[in-house]
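To begin, one chain is listed below as structure tokens, in the form predicted alone.
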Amino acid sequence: MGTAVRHPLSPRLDHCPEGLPREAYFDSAWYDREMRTIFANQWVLVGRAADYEAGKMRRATVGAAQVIVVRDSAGALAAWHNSCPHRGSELCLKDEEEVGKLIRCPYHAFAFAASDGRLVSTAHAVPTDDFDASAHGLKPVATKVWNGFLYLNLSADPGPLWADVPLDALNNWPMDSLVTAHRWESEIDCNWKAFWENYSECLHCPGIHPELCDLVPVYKRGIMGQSEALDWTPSDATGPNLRVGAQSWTMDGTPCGPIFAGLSEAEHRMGGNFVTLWPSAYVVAHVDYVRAVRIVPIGPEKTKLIAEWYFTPQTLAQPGFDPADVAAFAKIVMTQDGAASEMNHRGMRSPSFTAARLMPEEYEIYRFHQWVTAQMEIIV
């Protein structure tokens, strides 16, 4: 075992390191620290910016914080903590509510400007001279739009958006013009990192994903790409990732509509361009549509998945087109991934488990673990 030599340019690990300790998946103190560090400092995806309508405020979850996102009549987006500076009451009680120029607290009717969060009125309360209204506006949350996606950041001094590839990786896709046409949510009984770990390797693919392995033949070998193979060299020819005759991640491999103009030959061969954006999301751009999956921790042992599918207006206008038909293939894969992540999480509950021993093919999990532990040292 392990006698073959990896090429030095292969992403495979040259050793079998230990993974995160068992408590990283179950301990509430560890989880709380992740919320105070990783999810309080990193950009978190909350959906497509275009889906936040003018005249509405919508709740969003960013780590341990409830946030409200508001788009004013001029089209500008702003985000605030969903907490009144007076006594802490929620401001937005439903997933989405109507809003005008003011956000009014439903508890004591304090009112704040929706555009800039200024305290405008204390309603029936009559403050004394020591009360500084300018210091009691809504607490802001930073916003950023990338390729039509809206990101929020709780930090007062947010850094750049983190991605595993350059942020121009999707420049050849018409990202800003795509329309959200299908949404799917699922709750899985596992730590959020367990799902990311499953996403980050394909050793499980032959046993868990028969349909996916049929579409992407290299996955049958338990690897995510040719460069992970022990016999790989940089001079090896690069062929299509999908099976012969398939062009996209659909049930039969047929594009669901017009193929995006402007994609390179290499982007066509990929069949799916993955962009990983720790800690909250990944985006998969196909030749005919785009999918994004959000990973939302809701406790040490529970995670919500939110998947959305995006299409051009031309594709949606096709007679009889149903986006659910396109989503069906990825739903099979994600359901399998969710079940595998739950299975792994249940097994880690055993007192005999102390930490994983990662294999060379699990290089991305190793990188993820290093990233997690480094981020947890940054406390705001």
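What you see is a predicted model; the values in this text were computed from it and never measured. Each residue number is its position in the shown sequence, starting from 1.
Although it is not shown, the form predicted together with a further copy of the same chain is what the next lines describe.
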property	result
Heavy atom of L9 within 4.5 Å of a further copy of the same chain in the predicted complex	no
Exercise: E23 in contact with a further copy of the same chain in the predicted complex, heavy atom 4.5 Å	no
Distance check, R346 to a further copy of the same chain in the predicted complex, heavy atom within 4.5 Å	yes
Residue contact check: V372 to a further copy of the same chain in the predicted complex, 4.5 Å heavy atom	no
Answer range among 168-176, 182-190, 83-91, 261-269 for contact with a further copy of the same chain, defined in the predicted complex as heavy atoms within 4.5 Å	83-91
Proximity to a further copy of the same chain in the predicted complex, single hit among G225, P158, G222, G253 (heavy atom within 4.5 Å)	G222
Interface residues of 339-359 toward a further copy of the same chain, as seen in the predicted complex [heavy atoms, 4.5 Å]	A340, M343, N344, R346, G347, M348, S350, P351, S352, F353, A356, R357, L358, M359
